[in-house]
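We begin with a single chain expressed as structure tokens, specifically the form predicted on its own.
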Amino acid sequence: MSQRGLLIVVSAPSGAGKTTLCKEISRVLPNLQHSVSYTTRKPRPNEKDGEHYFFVTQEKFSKMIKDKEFAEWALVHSNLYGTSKKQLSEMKNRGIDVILDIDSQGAMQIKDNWKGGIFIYILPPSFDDLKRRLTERNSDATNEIEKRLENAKKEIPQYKMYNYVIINDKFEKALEDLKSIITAERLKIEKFNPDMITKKFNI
């Protein structure tokens, strides 16, 4: 149906649930692939290299920056994160819709350098709820949680730069909202291949 794959960019403050939403939507929607980012962050318990992130050294990441291998990259919570330009282009050129969960810095780089992106911001129901989620997931030290909460105060106002906002209060509802956005974007007239219409209807 589409000539080239959609580029769907999802951002959120840490703990709002964007990665879980992106992984689940790519599981339930056909022809949608979750882009795996590179990071210098250490793996959390149960995280697998190549599945959750490509975990690389600072030196490797710096070389990839120098070689211009990233579509976007950013320093987030004292760690580097980036999206492979090659991986992104290959998937889109094959007609695969790609979903990225990246921070606002990276999202704005994509917005500036790639045409036709769809930008979605995920918010928690409240700041107190965000604090509770970060604490309950029990994967970061107390000082790291405080840092993420301080960053969230700066990041949340950037939702205005996105096309859509989803409040992740109940996961099933947020997932359905995300699915609705992607489905609607796939049905836009500019996403259809006119040659296909001409062939099917002899017009």
Ligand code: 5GP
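Quick caveat, the model's predicted, so the values are computed rather than measured. Residue positions are given as counts along the sequence shown, with the first one as 1.
Although it is not shown, the form predicted together with the ligand is what the next lines describe.
Visitor: Is it the case that Phe119, even though its partner is missing from this view, gets within 4.5 Å of the ligand in the model of the complex, heavy atoms only?
Guide: Judged by the heavy-atom cut-off of 4.5 Å, Phe119 is well away from the ligand in the model of the complex.
Visitor: Is Tyr53 part of the interface with the ligand in the model of the complex - any heavy atom within 4.5 Å?
Guide: Flag for Tyr53 set to yes.
Visitor: Is Val9 part of the interface with the ligand in the model of the complex - any heavy atom within 4.5 Å?
Guide: Because no heavy atom of Val9 falls inside 4.5 Å of the ligand in the model of the complex, the answer is no.
Visitor: Looking at the partner-bound form in the model of the complex, is Asp97 within 4.5 Å of the ligand by any heavy atom?
Guide: Answer no; every heavy atom of Asp97 is more than 4.5 Å from the ligand in the model of the complex.
Visitor: Using a 4.5 Å heavy atom cut-off, which stretch among 41 to 49, 23 to 31, 172 to 180, 157 to 165 contacts the ligand in the model of the complex?
Guide: Going through the listed ranges, the match is 41 to 49.
Visitor: State the residue from Lys111, Lys131, His77, Lys85 whose non-hydrogen atoms include one within 4.5 Å of the ligand in the model of the complex.
Guide: After the contact test, the surviving option is His77.
Visitor: Using the arrangement in the model of the complex, list in sequence order the residues of 94 to 109 with any heavy atom within 4.5 angstroms of the ligand.
Guide: Contacting residues: Asp101, Ile102, Asp103, Gly106.
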